[in-house]
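As structure tokens, one chain now follows by itself in the form predicted alone.
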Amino acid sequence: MAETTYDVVIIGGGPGGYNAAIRAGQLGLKAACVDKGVNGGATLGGTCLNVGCMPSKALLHASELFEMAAKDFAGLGIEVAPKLNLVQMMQQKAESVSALTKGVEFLFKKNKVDWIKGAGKITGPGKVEVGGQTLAAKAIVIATGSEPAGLAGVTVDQKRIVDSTGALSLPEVPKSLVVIGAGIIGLELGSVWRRLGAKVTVVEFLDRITPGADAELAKALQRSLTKQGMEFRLGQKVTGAKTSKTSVALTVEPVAGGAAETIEADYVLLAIGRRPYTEGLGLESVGITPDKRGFIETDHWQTSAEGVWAIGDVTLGPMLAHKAEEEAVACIETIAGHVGHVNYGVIPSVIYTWPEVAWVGKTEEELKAEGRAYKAGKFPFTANSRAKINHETEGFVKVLADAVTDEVLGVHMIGPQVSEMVGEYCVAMEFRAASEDVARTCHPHPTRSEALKQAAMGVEGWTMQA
């Protein structure tokens, strides 16, 4: 079969891959995106759109409203008796996901991107094979993403022991659910099923939850989730799991040493992180060797092989969809002869629990380790007018700024809708703003965003509303 020649061939159709393809089309490059699709090859969007970020947010939103209707509406003068329809909840999730994935297909057509269905494999410099068809490319971009990481002794069968994909489609609300891993994925999906009625126990190897988050933020989140009914077993390792038709028996023992015990649950969610999906890509054909964990090393998204680039979860750094999107644009712009740039110090992280958690930049622990002098300003949502009248006063905003220059170095928030507010500080930090710049910027009243201003005022000790 004759070769088809492209300026750029992208392997992978997730947030990194599809954004790279769209940007390539915008810049006038002849682009193809090779992706086997999800749901039997029917949809683009990778893990994020199909079995990750988007469906989990759909369930988080629905379950949050369900719990609010049961526990909070009466206090607002709204009397209802909510009844769970799990089938419909799953259906609305599927409909939302379908609309998003169809949107990606539309954008491909709009920007003249070819979707080549199938699993792509590099067969040599400038060559990608897809189902017997060979694509010739001036540039190849690897954007194959990641998959759930496994754990020795715990076999995921997507029946009783599930990973993040299986946890999005449980056929019933478990009476009991054990989550292995107290990271973002485990806490979000654990929150969904706890709200719907499950007793949730989180088992974590470390002595804290959400590694990577500011320690004060992590402690506040753990207190809140514990108050909501989630149980935490920290400093514990899972050494085995036995399944029956109706339950799972987990063997757990203290990391520091001690007697093992057995925890019984209807279902177990394994959520200890993700690993890059780099096997079977033919990397050896162009001399690329991933590291022991499967990551591909890059220099400004360029691999060790000329003409081969890599972005997103297959590269080092946070495994976040928006990080992949930024790299996608920068990588393609570089390929097209422009100047691509990603500021890795200003990539936000969010945990979509209730309360939400969001942060960007350095934590206090990182600044102390660097020996960098800093000042901190902190403002509680208990003192925020909008949070008060909405009965959502849990949490705070903390701003860290350089002790000499006042440049904002990190911002850490826990509270209502903070996922929507952290972007303000991303912009501020991108322009290397001082905390005073935010403190002296007029914010609308009454809004939760005033907490961002008040926390910035607190850096210099002139918070006025707390």
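Since the model is a prediction, treat every value here as computed from it, not as a measurement. For every residue, the number given is its place in the sequence shown, counted from 1.
The same protein also has a form predicted together with flavin-adenine dinucleotide (FAD), omitted here; what follows describes it.
- Contact between G190 and flavin-adenine dinucleotide (FAD) in the predicted bound form is not found at the 4.5 Å heavy atom cutoff.
- When flavin-adenine dinucleotide (FAD) is considered in the predicted bound form, G52 lines it closely, a heavy atom lying within 4.5 Å.
- Within this chain, R274 lines the site of flavin-adenine dinucleotide (FAD) in the predicted bound form, having a heavy atom no more than 4.5 Å away.
- Proximity of C331 to flavin-adenine dinucleotide (FAD) in the predicted bound form falls outside the 4.5 Å heavy atom cutoff.
- This chain appears without its partner; in the predicted bound form, the one residue of V38, M421, A434, L29 with a heavy atom within 4.5 Å of flavin-adenine dinucleotide (FAD) is V38.
- Contact with flavin-adenine dinucleotide (FAD) in the predicted bound form, defined as a heavy atom within 4.5 Å, holds for exactly one of G307, G118, G240, P290, namely G118.
- Here the chain stands alone, but in the predicted bound form its contact with flavin-adenine dinucleotide (FAD), taken as any heavy atom within 4.5 Å, falls in 315-323 among 315-323, 365-373, 76-84, 191-199.
- Residues of 6-23 lying near flavin-adenine dinucleotide (FAD) in the predicted bound form, listed in sequence order, are I11, G12, G13, G14, P15, G16, G17, the criterion being any heavy atom within 4.5 Å.
- Between N39 and D163, the Cα distance is smaller in the predicted bound form than in this structure, by no less than 3 angstroms.
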